[in-house]
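The chain below stands alone and is given as C-alpha cells, in the form predicted alone.
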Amino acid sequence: MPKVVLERVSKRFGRITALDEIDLTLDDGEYSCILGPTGSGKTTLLKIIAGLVEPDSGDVYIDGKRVTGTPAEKRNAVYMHQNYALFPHLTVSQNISFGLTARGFEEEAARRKASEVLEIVKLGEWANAYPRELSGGMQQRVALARCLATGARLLLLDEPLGALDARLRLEVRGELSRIAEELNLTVIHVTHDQSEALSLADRLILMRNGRIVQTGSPEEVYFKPNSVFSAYFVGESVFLEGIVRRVDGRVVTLELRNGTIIEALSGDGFNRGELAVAAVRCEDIKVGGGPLTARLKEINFLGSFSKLVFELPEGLKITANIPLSRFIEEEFRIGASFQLSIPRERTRLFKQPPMGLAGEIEAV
C-alpha cells in the first residue's frame, strides 16, 4: 500500500495561487478526505498527486519514490472524476474491460478481471446491462470498478458522490468505505461535503486559500477546531464576540456585547481586555436555566432534530439543535422567551480575526 508525501508543493495559475507550499504525509492504508470551500485548492492538490498537473515547485513521493515529473500512468495511482464517463454503447462488463485491453490485457483475461471487480462492488448480476439501465448509484459503482480493475493501490477520488442524490450518497458512501478496507487501499477523497468527510475519513485535511489550515481525525477537527474558520466550516457553530475580563489557566471569562458573562476554554494565551470570539456547537446550546435571555423566532423541523433560532435583545441570533425526543416533550412556541446556557467545557475561544468575525466568515 502506497504512502504519499508532499514537500513544499506550490502551484499557480496566472495570478492565482492554487497551492502555497503544501507539506503533507498520508499513511499506507489511510482513508483521507480533503475538505474545503470552492477554490481552496482541493482538486489541484489531488491532480498533482495523480500526475495530471505538475507543481511549480516542491516534490511528490509515492511509496518512498519521488514521482515529480513522472507520467500519471506510471504512478500506481488511479484518478476518478466526478463525471462517470461510461461508454453508453458498451455493457457494464465491456466498459471495465475496454481500458484493460487497451493496456495490453488479453480479451479473456480482461473479461475475468471485469467480472472479479463487479463482484467486489456488488454488481455481478448487471455485467451485461447498459449504463442507461442503471441508477446513478450503480453507475458510480461501475466507474469505481473500472478504477479497481487497474490494480492501482492508490485511489484518488474527486467529488465522487457529488452527482448523487442524498439517499444514493449514503449508499455509495458505505460501499466506498467497505471496498477501501476490504482491498487495503490508500484513498484520498476530495469533497466539499462535511458530513461525507466526517463519516468516511481516518484523517480529515481542511484547506483554505491554497493552504492546509487543520489536519487530524474527524473527531479532533470537530471537537477541537484550531480557528474560527475550522469551527465555522466543519459542523454548525454559534459565534459570540466579547472582551476578556478574566483568565484563570485555560478558563477565560468573556463579557459579551450585551453585558452577559460566559466562560470558555482556550489553548492560547489571552490577556484581560482583549477582544475574542467564543464558538459553541449548535447541539451544545442548552435551552433552559442559563444566563442568556432570548426570544424564539423560528422553528425548522428536520426529522431527528429541530433547529430553533433564538434572538437576543441586541439582535444577535443563536441557533440550537434540539433532539426530536425533547422537541416532542416540550412546548416550543414562536415568540416565547427562553433562557439559554452555554457549557464552558464545550465552548472554544479564539483570537478576534484581523478582518473581524463577519469578514472571516464571509470570506469562506
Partner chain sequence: MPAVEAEKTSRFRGIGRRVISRLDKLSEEKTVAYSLYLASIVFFLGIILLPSLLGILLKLDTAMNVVTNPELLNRSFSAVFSSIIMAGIVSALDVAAGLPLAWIIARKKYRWLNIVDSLVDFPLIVPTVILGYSTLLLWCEETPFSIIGFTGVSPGFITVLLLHFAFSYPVVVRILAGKLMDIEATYEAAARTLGACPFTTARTITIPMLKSGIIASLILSFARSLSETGATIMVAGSFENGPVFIKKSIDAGLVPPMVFVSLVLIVLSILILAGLRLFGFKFRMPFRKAYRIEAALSREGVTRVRDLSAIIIFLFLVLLPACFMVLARMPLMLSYGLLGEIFTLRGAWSTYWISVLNSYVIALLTTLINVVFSLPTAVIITRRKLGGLVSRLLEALSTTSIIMPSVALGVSLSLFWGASGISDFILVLLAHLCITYPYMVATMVSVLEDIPVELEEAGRTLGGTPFKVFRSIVLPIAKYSFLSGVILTFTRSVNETGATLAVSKTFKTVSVLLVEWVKSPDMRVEAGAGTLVLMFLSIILLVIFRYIYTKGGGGLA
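Numbering follows the first chain given and starts at 1. Quantities reported herein were computed from a predicted structural model and do not represent experimental measurements.
Missing here is the form predicted in complex with the partner chain; even so, the following discussion is about that form.
Enquirer: State the residue from 167, 272, 103, 250 whose non-hydrogen atoms include one within 4.5 Å of the partner chain in the model of the complex.
Expert: The residue from 167, 272, 103, 250 that makes the contact is 103.
Enquirer: Of these, 174, 88, 288, 291, which has a heavy atom no more than 4.5 Å from the partner chain in the model of the complex?
Expert: Of 174, 88, 288, 291, the residue with a heavy atom within 4.5 Å of the partner chain in the model of the complex is 88.
Enquirer: Tell me, please, which stretch of 203-211, 77-85, 224-232, 179-187 lies within 4.5 angstroms of the partner chain in the model of the complex when heavy atoms are compared?
Expert: The contacting stretch is 77-85.
Enquirer: Residue 72 near the partner chain in the model of the complex, any heavy atom under 4.5 Å?
Expert: Yes - in the model of the complex, heavy atoms of residue 72 and the partner chain come within 4.5 Å of each other.
Enquirer: Mark residue 150 yes when one of its heavy atoms lies within 4.5 Å of a heavy atom of the partner chain in the model of the complex, and no otherwise.
Expert: Residue 150 belongs to the contact set for the partner chain.
Enquirer: In the model of the complex, does residue 99 come within 4.5 Å of the partner chain, counting heavy atoms only?
Expert: Residue 99 belongs to the contact set for the partner chain.
Enquirer: Answer yes if any heavy atom of residue 113 is within 4.5 Å of a heavy atom of the partner chain in the model of the complex; otherwise answer no.
Expert: No, residue 113 is distant from the partner.
Enquirer: For the stretch 302-339, I need every residue with any heavy atom inside 4.5 Å of the partner chain in the model of the complex, listed N to C.
Expert: Heavy-atom contacts to the partner chain in the model of the complex: nothing from 302-339.
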